[in-house]
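Just the one chain here, the form predicted on its own, laid out as structure tokens.
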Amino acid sequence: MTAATAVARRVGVFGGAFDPPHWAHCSLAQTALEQLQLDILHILPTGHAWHKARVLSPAEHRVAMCRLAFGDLPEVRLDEREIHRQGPSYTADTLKELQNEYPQATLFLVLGADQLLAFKTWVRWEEVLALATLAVANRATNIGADAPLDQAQEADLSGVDLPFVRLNMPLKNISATAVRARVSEARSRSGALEVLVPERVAGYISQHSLYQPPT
């Protein structure tokens, strides 16, 4: 047990494919740190994503982009455990491990509204709910590749019958799908990506020719 682990009382858990991490991810991480008064925020790139039909980019690229996107935020810990876990990776397993590492802490699972609306489709969702407090930021109703960035209509969470804490942050209508779609356009350049992802992430995408269409 490290000194940081021993004193941590409020621990955030923010998982995702991060393929790539974008400005909405960064804003959500910063909002969670501030509003939940977290001692530590674990950023967890997904390993084997059981719920995604498409193949994710190689883990080393997603981890590297997370370091660039989140590295300047205080109290962030890039956690690669799900990358190295064999087989499908479930949030319940990660939370149980973190509960053992932080036995005196309250765990907060940081989510977007789209994830909350699909929460009861998660494997062992009841166990997740027992282990952590859900902390949710709203998202626009349309976050697809062609969605306008200035869309102001939020997802309706009034019918959600789950306990959660609402995170108050400006609505950011950005998705990884939109980033990948923009990169795949032949006319797109890394500079055009900077409205969607941090500059260093845009540079990494360009340098490693990520999300290019098959030739």
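Keep in mind it's a predicted model, so treat the numbers as computed, not measured. Each residue number is its position in the shown sequence, starting from 1.
Quick note: we don't show the form predicted in complex with adenosine-5'-triphosphate (ATP), though the next part is all about it.
When contacts are defined as a non-hydrogen atom within 4.5 Å, none of R67, R182 and L210 contacts adenosine-5'-triphosphate (ATP) in the predicted complex. Checking M169, L157, L162, V63 for any heavy atom within 4.5 Å of adenosine-5'-triphosphate (ATP) in the predicted complex turns up a single hit: M169. Shown without its partner, this chain lists A176, A59, I40, L36 as candidates; in the predicted complex, only A176 has a non-hydrogen atom within 4.5 angstroms of adenosine-5'-triphosphate (ATP). Within 4.5 Å of any heavy atom of adenosine-5'-triphosphate (ATP) in the predicted complex lies no heavy atom of E101. Shown alone here, A24 lies within 4.5 Å of adenosine-5'-triphosphate (ATP) in the predicted complex, counting heavy atoms only.
Although the partner is absent from this view, G16 contacts adenosine-5'-triphosphate (ATP) in the predicted complex, with a non-hydrogen atom inside 4.5 angstroms. Among residues of the shown chain, S89 is not one whose heavy atoms approach adenosine-5'-triphosphate (ATP) to within 4.5 Å in the predicted complex.
Comparing 92 to 100, 125 to 133, 112 to 120, 76 to 84 against adenosine-5'-triphosphate (ATP) in the predicted complex, the single stretch with non-hydrogen atoms within 4.5 angstroms of it is 112 to 120.
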